[in-house]
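What follows is a single chain, given as structure tokens, in the form predicted alone.
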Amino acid sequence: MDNDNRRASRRTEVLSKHLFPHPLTTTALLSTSNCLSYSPPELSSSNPVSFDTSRMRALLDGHNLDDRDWLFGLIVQSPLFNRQERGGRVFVSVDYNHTMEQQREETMRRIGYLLDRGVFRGWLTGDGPQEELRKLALHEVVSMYDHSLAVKIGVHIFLWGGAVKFLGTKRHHDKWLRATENYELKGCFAMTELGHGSNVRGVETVTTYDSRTGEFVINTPCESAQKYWIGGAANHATHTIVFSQLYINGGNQGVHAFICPIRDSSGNVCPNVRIAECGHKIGLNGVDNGRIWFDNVRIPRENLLNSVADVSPRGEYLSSIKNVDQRFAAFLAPLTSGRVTIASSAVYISKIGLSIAIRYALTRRAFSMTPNGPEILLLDYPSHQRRLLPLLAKIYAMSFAAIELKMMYVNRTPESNKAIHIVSSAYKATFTWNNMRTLQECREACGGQGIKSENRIGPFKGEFDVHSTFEGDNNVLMQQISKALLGEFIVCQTKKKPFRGLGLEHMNNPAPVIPSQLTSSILMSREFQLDLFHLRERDLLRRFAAEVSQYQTQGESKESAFNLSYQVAEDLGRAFSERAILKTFIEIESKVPAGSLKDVLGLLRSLYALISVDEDAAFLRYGYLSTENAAAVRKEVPKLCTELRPHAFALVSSFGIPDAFLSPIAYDWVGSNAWSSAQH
């Protein structure tokens, strides 16, 4: 009974402390409790800056740094861009509380502001690589502020204006280019239809020629032929480029491009043109996407964009390109610029997401390792490093690849157009997929704060999801890449000629031999990394060729055989893209003199290479690595993350993104959520 009494007494004592705590004890506990506070990461000894961040930024941006900073300043200083103060800092971002209609009108007002300040000068009337690089740089800055604004400008300048410039001739240039650059008219680009997106060759809009009047007649023959998702069509566009099947004397000459008015100068829809709204979207609600029907709309013969083909006044079809496939490829030239800008834009949006998430992880704490010990910074957890730092390495790699793509594009020649098409397709798919994955990881890494629209990452997911299907479905693009590589392989094999171009020269050499045991020093070697990527690409190309050939031997058509081999085709497209990215990284790194900058680039390059290997089952599936060596790669990744951790702050600072283009949680997340901030 004595034991029972003692146990009962102890229970009573514990319960009484819960119900009637001593006031002095409570006060003492409260007085010794320290509240969390924000401490800037640049003040911490854990974040040393061991290399020149301005030199790193020059490598990452590649061109037109002063022009970029000029436009950053124009945007930040204007109230048109929704300046908001949080935690003592000014931020600019779209107000997503506004209605779709309000967002569209705000987009047009911002275009007017940029136009008045000369932002678009030379975007269509300028010539030469430097003018094009300036245009690309400024468009990248715009996309970092608002994707709707970038798309609205891109449709008008890059698609409508690009089609006039590249598919038209002097008569079109003289009439339309400067007027487009000055926004005297507003253009859109009517290629996609309800029934045909990626398959442009199958569009159903029909255009015939009336030799009696010297006019083309454009018609929407069925509902699936309505032009769909046409940016600018719902509210603002006055003209469009119509992609349509051209029939001459009853014969179909394939897809051609025509200039067609859709509204008059007062904004009234033109006769025989019908326009409807596409409706609210998961993002890009500042763009007025519309649908267009043409009911036997007549346009002058001169409105055919005729650099590729023409029709005489008497109705004769004229073209110096006799091959139908080559003619069709020429009509798709404007899409190349779109893929270049989309790929580059995806990289810059990932930079914003990573800057916010990593800066937050360098100041936000959670849990302690010891009783009553200090809580740990998020980025000091190995698991958090593993979530974010490989993505940071990928964005460095993709930044360098995006610069190379832009240089290829602005220095293009007729001979290089095929390579640009293949590389731009590969990078557009790879970079946009990576962007969506990066944004999701950054959103989760910021916890509940990542949900808030003012912190940008969440809205970015909806805004940039369209990139996966915009200007070509990513899966289709990757299969197109493999098909092009297969064509190169067949030509080289049948003509017994060496591979040349597209980085395939390694196919001329013996297959690399991978060491049976991989040590850390081997894994960090750029020669080993490139050998491993070469081995994967060359083997997959041979496998793909063999599989397609086998299906054809079994009686399948060439197209059917290709479709049935889609799994290997997808593996090959990924192998091509990742090898090209790694090769560019190595070339950039090799030009940097010895020192701390080169050292950190080596860490980033190794992390990019090894995380790419770790994430691709092809290395195990096809036997390029043993299970032991695959395990060695996996173990090396967190080691590299640990080595990069001290450089994380300097690496995101090197992006050169102004504070105002990030978000409150990238800085004083306590102050920006304080009661005083809520009163503004």
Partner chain sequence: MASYTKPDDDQVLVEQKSSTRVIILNRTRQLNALSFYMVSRLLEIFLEDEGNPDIKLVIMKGNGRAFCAGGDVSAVVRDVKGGDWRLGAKFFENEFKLNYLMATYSKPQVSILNGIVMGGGAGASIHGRFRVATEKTVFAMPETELGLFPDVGSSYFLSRLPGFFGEYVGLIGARLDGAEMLTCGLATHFVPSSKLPLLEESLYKVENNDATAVSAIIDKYSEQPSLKEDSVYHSRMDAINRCFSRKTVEEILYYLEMEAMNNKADNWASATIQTLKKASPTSLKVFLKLIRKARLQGVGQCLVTDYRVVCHVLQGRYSKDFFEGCRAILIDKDRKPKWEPSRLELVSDSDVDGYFSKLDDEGWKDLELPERLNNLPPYVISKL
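Residue numbers count along the first chain shown, from 1. In this text the structure is predicted, and so the values were computed from the model without any measurement.
One more form of this protein should be noted, the form predicted together with the partner chain, which is absent from this view; the next part is about it.
For the residues 279, 88, 128, 267, the 4.5 Å heavy atom test against the partner chain in the predicted bound form is passed only by 88. Within 4.5 Å of the partner chain in the predicted bound form, a heavy atom is found for every one of 66, 117 and 658. With the partner chain left out of view, the stretch that reaches within 4.5 Å of it through heavy atoms in the predicted bound form is, among 279-287, 109-117, 526-534, 350-358, 109-117. Although the partner is absent here, residue 52 is a contact residue: one of its heavy atoms lies within 4.5 angstroms of the partner chain in the predicted bound form.
Under a 4.5 angstroms non-hydrogen atom cutoff, the partner chain in the predicted bound form has residue 77 among its neighbouring residues. Looking at residue 72, you'd find a heavy atom of it within 4.5 angstroms of the partner chain in the predicted bound form. Using a 4.5 Å cutoff between non-hydrogen atoms, residue 47 does not count as a contact of the partner chain in the predicted bound form.
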